[in-house]
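Here's a solo chain for you in structure tokens, the form predicted on its own.
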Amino acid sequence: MKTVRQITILGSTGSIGESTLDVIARHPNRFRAFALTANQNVEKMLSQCQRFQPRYAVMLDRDSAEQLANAIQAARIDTEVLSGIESLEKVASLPEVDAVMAAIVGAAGIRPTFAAARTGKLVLLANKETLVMAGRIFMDLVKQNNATLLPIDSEHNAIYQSLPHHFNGNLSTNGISRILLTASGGPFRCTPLATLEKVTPEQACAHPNWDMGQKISVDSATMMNKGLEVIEAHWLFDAPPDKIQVVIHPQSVIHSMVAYVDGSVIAQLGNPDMRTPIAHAMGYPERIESGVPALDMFKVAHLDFEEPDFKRFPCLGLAYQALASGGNMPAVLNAANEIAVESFLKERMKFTAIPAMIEHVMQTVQQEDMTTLEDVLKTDTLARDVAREWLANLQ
């Protein structure tokens, strides 16, 4: 008889968190939402607590936690409300927890994700920044504590499914020639370059295929999202930068591919719905129902592929540059990008200023090695300060 797997969801009110809860609801005899966490969305968290009755609900914002606690008490829900980053780390590492869905967007998700790995959990990784900012440190932590790491990003999950079952982290000895990372190209794939500086946050967030949060949607529009995924793929699959090729595939049906030395290319296909990789990782090594409709190949009809235009998408080139430089540069890239996207969404700067800010910060912050999480967080703070100073001078 299978035991029920207790799951902590870091970022339960976001799109990945909601999709995870949908999969949990389809398999009540296999999974239970042990702890749910969010930043400030009290209304949605209360609704989730009413439905899933978690043991803990954590709000990063303390005022929001107080509001939630009052609402939980009034609704007579048997859920304990906690607050702050330390509580996120707690619910990611408690002995009762079997798996942690790491779905907090941004650098805020690093510490609880580290806590999950440090305590040997099954880490379902949807937080890009953990690998982008602290790839070597995090991968070493996973190995040292016998944690299990499964990727949730649709692209990396597709690569994972397309690799040999015995893959040991060495591309050449497994007959792999390249990893092909697909990208939709976002909403501005065909937009005239001269008009890009006038695009609005609403236009940048209107992704043609995926329903995502604002930050990830803007990253897709700049293709920084793909750049961050290149860095992730480097650490997840021990792949050199020149073995990771980005392929623009507007239909978002092929989620990524693995090319082999014999000429074979193995691809994972499916409708663009995050419940597929979530269900794959949650049920692994079994396949479980996800709620995603079967792919209709006749409706798809054709599949298109293009090389990325680095002039149109300079953020993609900056990500490759950061990975090649190594050390603290990917963390600098990520921090600068978070400030840039936030500033664009608040209409404090133009869309085309995003790569300009990032390039300035990468040129300003001195390159150095990092050996601890504290080094990573210090770099993150420094890069954000430089980005804010650049923005202040711009205005």
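Note that residue numbering begins at 1 and tracks the sequence as displayed. Fair warning: this is a prediction, and the values are worked out from it, not measured in the lab.
What comes next is about the form predicted in complex with nicotinamide-adenine-dinucleotide, which is not displayed.
Quiz item: Since the chain is shown here on its own, which stretch among 137-145, 101-109, 293-301, 314-322 would lie within 4.5 Å of nicotinamide-adenine-dinucleotide in the model of the complex, judged by heavy atoms?
Solution: Of the stretches listed, the one contacting the partner is 101-109.
Practice problem: Report whether the minimum heavy atom distance between residue 82 and nicotinamide-adenine-dinucleotide in the model of the complex is within 4.5 Å. | Solution: Residue-level check for residue 82: no, no contact with nicotinamide-adenine-dinucleotide.
Quiz item: Counting only non-hydrogen atoms and a 4.5 angstroms cut-off, does residue 60 reach nicotinamide-adenine-dinucleotide in the model of the complex?
Solution: So residue 60 counts as contacting nicotinamide-adenine-dinucleotide.
Exercise. Evaluate residue 267 for contact with nicotinamide-adenine-dinucleotide in the model of the complex, applying a 4.5 angstroms cut-off between non-hydrogen atoms, and reply yes or no.
Key: It does not: once nicotinamide-adenine-dinucleotide is placed as it appears in the model of the complex, residue 267 has no heavy atom within 4.5 Å of it.
Quiz item: Given that the partner is absent here, does residue 216 sit within 4.5 Å of nicotinamide-adenine-dinucleotide in the model of the complex, heavy atoms only?
Solution: Yes, residue 216 sits close enough to nicotinamide-adenine-dinucleotide in the model of the complex that at least one of its heavy atoms falls within 4.5 Å.
Self-check item: Complete contact of 32, 53 and 93 with nicotinamide-adenine-dinucleotide in the model of the complex (any heavy atom, 4.5 Å)
Solution: No, none of the three is in contact.
Self-check item: Among the candidates 282, 274, 231, 133, the residue which, in the model of the complex, approaches nicotinamide-adenine-dinucleotide to within 4.5 Å (heavy atoms)
Solution: None of the others qualify; the residue that does is 274.
Exercise. Please pick, from 182, 157, 222, 127, the one residue with any non-hydrogen atom lying within 4.5 angstroms of nicotinamide-adenine-dinucleotide in the model of the complex.
Key: So the residue touching nicotinamide-adenine-dinucleotide in the model of the complex, by this definition, is 127.
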